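In structure tokens, the next block holds one chain alone, the form predicted on its own.
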Amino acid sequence: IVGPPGAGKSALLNYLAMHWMAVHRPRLFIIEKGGSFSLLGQHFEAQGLKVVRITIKPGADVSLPPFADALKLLDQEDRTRLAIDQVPELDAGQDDEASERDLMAELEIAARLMITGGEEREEARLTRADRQTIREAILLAARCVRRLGGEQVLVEDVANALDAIGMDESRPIDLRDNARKNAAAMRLFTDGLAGRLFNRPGSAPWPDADVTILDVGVLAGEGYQAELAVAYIGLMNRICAMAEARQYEQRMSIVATDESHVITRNPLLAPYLVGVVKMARKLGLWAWFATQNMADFPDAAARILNALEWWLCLAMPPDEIEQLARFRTLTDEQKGMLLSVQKRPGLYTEGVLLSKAMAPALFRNVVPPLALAFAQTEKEEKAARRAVMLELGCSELEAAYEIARRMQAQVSSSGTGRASA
């Protein structure tokens, strides 16, 4: 779902989530920032669904160890290829029929995010020998943890393995120096908030809920780009593990990422997501992304964006259409359709549906009042909802219901077909 601020992405995603649960009843995971789906979660609970809310913030008991699956490498060690010239990038050489995760490549990406922060200059510093050393350290850490009877590989285990490689006098001096530097960089993720998130064993499995709402919280702020990317990997790994455990059930799962440009702007995440999304389909897990800024997607995201089957483009301005063309070939006719859409505040937003399965189609997004009321997150909208709470002495959810009722009453009385939001 693509559209500028105010185009109605959150309202549409709220409505789609309500539609999914009413018609298909999947296991729904929503990854967001800022509590935009808090009221929707309360609504689902009021309708008898089981809802779990998880927010990443200081003091929260949330742990997302990125190397939690590293012990699985030991069960497939004969297939764990350490040499970089034998292992392609995660997004290279994979087709849609790939049936097995390249676990080592995924774990290497998590380590590189910690070492370089995903910064291009730091990434360029890593040689192929450095990358091979990182892979070797992950495997050494897994062996050490298993030998000591541990259950999960932590960040400090991989950092310790890199330090051990750095002290191995049989290795070239430059490789040893780089290993020690990389170990020091990884140790930034063993203290403070990052340590609490990534350097503790994963907390007990999330409850089997109908809806799980995951708020990235403080990590959406400036200065936490690397931590956000590592956390997203941890979240997606957990979601995929849950989907894998239930892959033989008829019930499907959906994971929707709102404001996805904030998360996926890190170039290292793109190859990880390519592999995960392709595997997720085989597990009955379907991914949706919503974004307001195509410019924040790095060129490395082309493979994941090209893999998307449906694009809902809401009232995109010309510059965003050009950004979309970076990742999807647009004909002059399609660009013309995208430029022709209109938006009437309080009434509707038009858009264009793009898909490889059908010709481009214009559509008009008229979101029901209830979904509009749930998506009201602007300051003045919150103030209006607070006023209704004080007026009626009711809860925030009940105030949202009342606002939706007043919207519907306005529609009925005005005959315009839509109430003002």
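In this text, residue numbers run from 1 along the sequence as written. Since we're looking at a predicted model, the values are computed, not measured.
In what follows, reference is made to the form predicted together with a small molecule, a form of this protein that is not presented.
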>> How about Tyr348 - does it come within 4.5 Å of the small molecule in the model of the complex, if we only consider non-hydrogen atoms?
In response: yes
> So in the model of the complex, does Ala11 come within 4.5 Å of the small molecule, heavy atom to heavy atom?
Replying inline: yes
> So in the model of the complex, does any heavy atom of Val367 sit within 4.5 Å of the small molecule?
Replying inline: yes
> Would Arg180 count as a contact of the small molecule in the model of the complex, using a 4.5 angstroms cut-off between non-hydrogen atoms?
Replying inline: no
>> Quick check on this chain: which one of Arg176, Lys343, Arg196, Arg328 has a heavy atom within 4.5 Å of the small molecule in the model of the complex?
In response: Lys343
>> Under a 4.5 angstroms heavy atom criterion, identify the one residue in Asp215, Glu259, Glu320, Glu227 near the small molecule in the model of the complex.
In response: Glu259
> Heavy atoms within 4.5 Å of the small molecule in the model of the complex: which stretch among 41-49, 55-63, 359-367, 386-394?
Replying inline: 359-367
